[in-house]
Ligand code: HEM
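Below, in structure tokens: the form predicted alone, a single chain.
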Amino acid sequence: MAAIAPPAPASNPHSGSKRRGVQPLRAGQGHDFLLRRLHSLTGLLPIGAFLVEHIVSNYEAVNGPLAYAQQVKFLNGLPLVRVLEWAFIFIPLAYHALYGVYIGIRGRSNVNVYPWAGNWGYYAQRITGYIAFVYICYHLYSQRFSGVSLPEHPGAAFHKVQMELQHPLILSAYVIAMVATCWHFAYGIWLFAAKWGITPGNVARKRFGYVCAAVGSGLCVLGLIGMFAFLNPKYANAPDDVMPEQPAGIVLPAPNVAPAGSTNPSQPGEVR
């Protein structure tokens, strides 16, 4: 008669034995998950909102140098504009760009092995991110931190952009950057909705993809129209500053008005 083998002793989870392999990173655990979620969020708010505002504001150039200057003056006259600029534009933009480069360097493209739409989207998102990063750095340097300071001289904004876009190479780079940035933003919206569970399922993601494509295409067309408005022959050779400041020290005298009921011809301002 065969003897029954005794059952194997249950493993003690507190026994000091090491488990083999690496435990998977669950959602909500680890710094990488938090940093990636923050990267995804900043791409939509506030950077995406600023991109939309920037394209819409630049579209005002179709109405001429003065209208564009008034738009620049309005934006730079907002309360606490410098605090808002750093807190909601420069700092989130720096984080999103630098961490995006970090993600892109660590990632590996496999479109040559698996040429699926998702892989091509990932590859294009990474390339357009690099283009947008270089473009934004150059654009900030040339228009914000060098030459005429537009916050103090908004009337010079149209002429400054116009002079830059007259160079064919720079104009070509701006067109490429506009297309790449709008594509990057539109696909980023699609990724945000998929990652955050807003569009569960392939059907919802496919339908939302059409919405994102329409948004990106509309922004791109709007941005290109505003860009080429600076080269409109109607506004050729725009003045250096359409809002020249009043020279310091000039104070217009107040009109001399005689008091009511006065009959003294020597009163100042009285017509004799």
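Owing to the predicted nature of the structure, the values given are computational and were not obtained by experimental measurement. We number the residues from 1 along the sequence you see.
Heads up, the form predicted in complex with the named molecule isn't pictured, but that's what we're talking about next.
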Residue (of Ala69, Ile47, Ala238, Cys212) lying close to the named molecule in the model of the complex, criterion heavy atoms within 4.5 Å: Ile47
Gly216, heavy atom within 4.5 angstroms of the named molecule in the model of the complex: no
The named molecule contact at Asn76 in the model of the complex, heavy atom, 4.5 Å: yes
Interface membership of Pro65, the named molecule in the model of the complex, 4.5 Å heavy atom rule: no
Non-hydrogen atom contact Met227 with the named molecule in the model of the complex at 4.5 angstroms: yes
Joint contact, Val56, Tyr138 and His159 to the named molecule in the model of the complex, by non-hydrogen atom at 4.5 Å: no
Residues of 117 to 137 having any heavy atom within 4.5 Å of the named molecule in the model of the complex, listed in sequence order: Gln125, Arg126, Gly129, Tyr130, Ala132, Phe133, Tyr135, Ile136
